[in-house]
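Below you will find one chain, with nothing else, as structure tokens; this is the form predicted alone, and questions on how it binds or moves follow later.
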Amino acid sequence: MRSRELVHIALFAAITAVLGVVPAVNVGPVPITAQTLGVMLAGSVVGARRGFLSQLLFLVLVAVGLPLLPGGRGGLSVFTGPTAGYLLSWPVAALVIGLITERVWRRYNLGWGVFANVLGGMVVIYAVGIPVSAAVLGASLWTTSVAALIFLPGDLVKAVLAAAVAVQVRRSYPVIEPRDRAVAPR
């Protein structure tokens, strides 16, 4: 792995951490945070592999106890609570967003970016987060799904924002290589 790739991975782990400083809105056992914007940006800007690794690095830092989650939370206990599924889905979400972004890179625009962020940054995260939250809380899947509806408006805004940022980054400083020009590492 080249040093530039390591910088991108560390940078997007740091962006996700910094977004944890934005005050969370407590609406129940799972707070509304800005950190999923970091997940969306990671996949959209640096692609599947680096986006995945950036979010994995973030989770490792949280697991070792760094207080990177809203409210200064960190440590292994966050992976046993109602937010565990949401957190654990972040690397996969960045991977899915990055795969879609890489696939459409030559024609990437706001529409494709929003599509990628909704599919990876919302569908994937909800598909893992809601069932785990239901299991941890001992609630029905239906009740937990309905409770998660409060996240939709904010996540849609984050999906559009991340796509708009990715479009601008693509124009001015493209980090992702077009598929036909990408070279294998030596």
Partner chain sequence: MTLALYVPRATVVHRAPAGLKLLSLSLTGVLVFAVPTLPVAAGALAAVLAVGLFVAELPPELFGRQARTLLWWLVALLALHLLTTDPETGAVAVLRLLALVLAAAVVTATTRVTEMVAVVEWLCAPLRLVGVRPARVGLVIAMALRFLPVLAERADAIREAQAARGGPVRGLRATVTMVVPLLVSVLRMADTVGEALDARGADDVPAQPSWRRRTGGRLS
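This one's a predicted model, so the numbers in the text were calculated from it and none came from an experiment. Positions refer to the first chain, counted from 1.
The form predicted in complex with the partner chain is left out here; the points below concern that form.
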query: Single option in V128, A34, L61, V118 placed near the partner chain in the predicted bound form, where near means a heavy atom within 4.5 Å; finding: L61
query: Touches the partner chain in the predicted bound form: V157 (any heavy atom, 4.5 Å); finding: yes
query: In the predicted bound form, G75 touching the partner chain (heavy atom, 4.5 Å); finding: yes
query: Exercise: M122 in contact with the partner chain in the predicted bound form, heavy atom 4.5 Å; finding: no
query: 4.5 angstroms heavy atom contact with the partner chain in the predicted bound form for S89; finding: no
query: Triple contact flag R4, V7 and A14 to the partner chain in the predicted bound form, non-hydrogen atom at 4.5 angstroms; finding: yes
query: Stretch 160-174: residues contacting the partner chain in the predicted bound form, 4.5 Å heavy atom cut-off; finding: L161, A164, V165, Q168, V169, S172, Y173
